[in-house]
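We begin with a single chain expressed as structure tokens, specifically the form predicted on its own.
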Amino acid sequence: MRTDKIGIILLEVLAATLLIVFAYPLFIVLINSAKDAAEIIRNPLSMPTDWLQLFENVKELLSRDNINYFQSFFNSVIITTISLIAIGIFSAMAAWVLVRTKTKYSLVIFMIFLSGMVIPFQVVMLPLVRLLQTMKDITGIPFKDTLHGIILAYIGFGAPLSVFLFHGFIKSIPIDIEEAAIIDGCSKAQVFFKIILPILKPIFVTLLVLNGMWIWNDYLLPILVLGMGGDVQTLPLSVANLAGLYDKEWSLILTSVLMAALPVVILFLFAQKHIIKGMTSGAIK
């Protein structure tokens, strides 16, 4: 019993240490968001002398024309929401068909999805930009510097992992449930949306949260597809606009980072129960 207690104490100390290590950057952003630029430069590790400076920084940030915070926030919400819905629904559909269709082509298609998880993003950066231009030449529809272009890119890059996790989860669902629904008169679409999709809720919510944090915070893909200073900007791109070549407004940069991170932090705090449930149920199945 004594050995067990010592082990529990050591685990708690380790957990507290990891909490401090991972929370420290957010703490630094928080305290420096309530300072002006001069105070940050003097001592970035000290507590702010006046916490009300945070509201002054927010007011200054929202008034900047080169940021257009509300428009960037709205763009990020639209891109994240539509991308998550499309990734979740389409990936679940694809995984369900691949599991229930027993042909040699289903295995090949599944392996193609898996290859998307192992190919580094840096390898496809240049081909992606060329592909967007080629699609415009063929269809006449612009895909670069547009909302639908970045959404399609996120669907493509988010599908492999989602299909992989859905595939493993669906394999554990007895096919008898679907056959009984079909006997009762359900169509294929009704079987998926009324039977399969509700069963997938734990892993579905987990993927929504994980993909949502990735898409909301992503910088590299938006700068490739949307470009810096274009008509369509996301929050990470707007934050980067504050860092000039010769002048960096640290008070506004850190305030904007805090404002951009808050929605993700709040989402994670409310959804962490679903994330853990989805991962553990997927592991048990």
Partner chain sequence: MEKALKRLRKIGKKVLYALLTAVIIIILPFILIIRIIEKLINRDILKFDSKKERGPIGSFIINNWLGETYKAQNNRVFVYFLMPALGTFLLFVGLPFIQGIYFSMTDWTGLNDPQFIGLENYVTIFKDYAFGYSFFRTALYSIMNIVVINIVAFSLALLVTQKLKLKNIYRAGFFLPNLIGGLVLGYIWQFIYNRALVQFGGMFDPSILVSGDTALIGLIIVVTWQYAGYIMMIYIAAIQNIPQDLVEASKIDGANAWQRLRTITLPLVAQAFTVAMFLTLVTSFKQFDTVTSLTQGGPATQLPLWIGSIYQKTLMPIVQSTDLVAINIYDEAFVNRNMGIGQAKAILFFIVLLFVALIQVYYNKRKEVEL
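Being a predicted model, the structure only gives us computed values, none of them experimental. Numbering follows the first chain given and starts at 1. For the two forms, the rigid core is made up of the largest set of C-alpha atoms that agree within 1.5 Å on superposition.
Although it is not shown, the form predicted together with its partner chain is what the next lines describe.
Stretch 145-153 is the contacting one of 199-207, 166-174, 67-75, 145-153, since its residues have non-hydrogen atoms within 4.5 Å of its partner chain in the predicted bound form. In the predicted bound form, its partner chain stays beyond 4.5 Å of every heavy atom belonging to Ile85. Residue contact check for Ser106: one or more of its heavy atoms lie within 4.5 Å of its partner chain in the predicted bound form. The shortest heavy atom separation between Ala240 and its partner chain in the predicted bound form is within 4.5 Å.
Using a 4.5 angstroms limit between non-hydrogen atoms, Phe270 is distant from its partner chain in the predicted bound form. Taken together, the three residues Glu60, Lys194 and Leu226 all stay farther than 4.5 Å from its partner chain in the predicted bound form, as judged by their closest heavy atom. With the partner removed from view, the residue among Ala34, Val232, Ile40, Leu252 that has a non-hydrogen atom within 4.5 Å of its partner chain in the predicted bound form turns out to be Ile40. Superposition on the rigid core between the shown form and the other one places the CA atom of Ser238 less than 2 Å from its counterpart. Leu224 shows a C-alpha shift below 2 Å between the shown form and the other one [criterion: core-superposed Cα displacement of 2 Å].
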